[in-house]
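In the block that follows, a single chain appears as structure tokens, in the form predicted on its own.
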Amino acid sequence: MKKTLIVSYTPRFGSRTKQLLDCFLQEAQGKTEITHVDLVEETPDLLLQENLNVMLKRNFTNEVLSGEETAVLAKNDEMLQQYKAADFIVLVHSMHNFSLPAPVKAWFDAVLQPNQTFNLTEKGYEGLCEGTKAAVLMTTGGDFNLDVVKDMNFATGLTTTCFGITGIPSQHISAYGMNMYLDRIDEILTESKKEVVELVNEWYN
């Protein structure tokens, strides 16, 4: 059975983003082996002085790490292995201040490791995870279909780029305008859930 990695960040009580996650889980049940990483409960380690330099030592200069150094990278390396083992990846989050919530960015920092998920060559990035597919389920307060704010959606471009450098194409299902169109929230979510169902049928049927 194909493996699906779900990475979600839905900390808000009554989260509308979680409705998209729940829709995916319901539709995909029994069709794939699911590993679910909840970034509210399993926050990646930030790349600070100690672990950043250990990672660079291993991945850039190919030095052998001590047991203590290996332990420093343990949490992020587990997320790295989950990423590399997946046939499908579903990232679920809301937009925070025009971009990604900090734990989601930290997750990308954990899994985007040179010589692990990508190589940097004279011709640019070479992805090492080809064959995997990804989808991003996102909600936003504003409507980023509007021309006046379309260029302020940095989240979609960032997730596309991060998946892309590892060789993974990504699809995006976005429920825009959760705070703008209070009288249309159910309608917007229903349309996005239809897209989620179509995605599941495309991937697993």
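Since the structure is predicted, the reported quantities are computational estimates derived from the model, not experimental observations. Note that residue numbering follows the sequence shown and begins at 1.
The same protein also has a form predicted in complex with a small molecule, omitted here; what follows describes it.
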Requested in this report: Would you check whether the small molecule, in the predicted bound form, lies within 4.5 angstroms of a non-hydrogen atom from each of 8, 83 and 132?
Outcome: no
Query raised in the report: Taking the small molecule in the predicted bound form as the reference, which of 106, 95, 79, 73 has a non-hydrogen atom within 4.5 Å?
Result: 95
Report summary line: Picking from 49, 29, 61, 179, the single residue whose non-hydrogen atoms come within 4.5 angstroms of the small molecule in the predicted bound form is 179
Report task. Choose from 49 to 57, 136 to 144, 31 to 39, 164 to 172 the stretch whose residues reach within 4.5 Å of the small molecule in the predicted bound form, heavy atoms counted. Result -> 136 to 144
Query raised in the report: Does the small molecule get within 4.5 angstroms of any non-hydrogen atom of residue 12 in the predicted bound form?
Result: yes
Query - is_contact(residue 16, the small molecule) in the predicted bound form, heavy atom dist at most 4.5 Å - result: yes
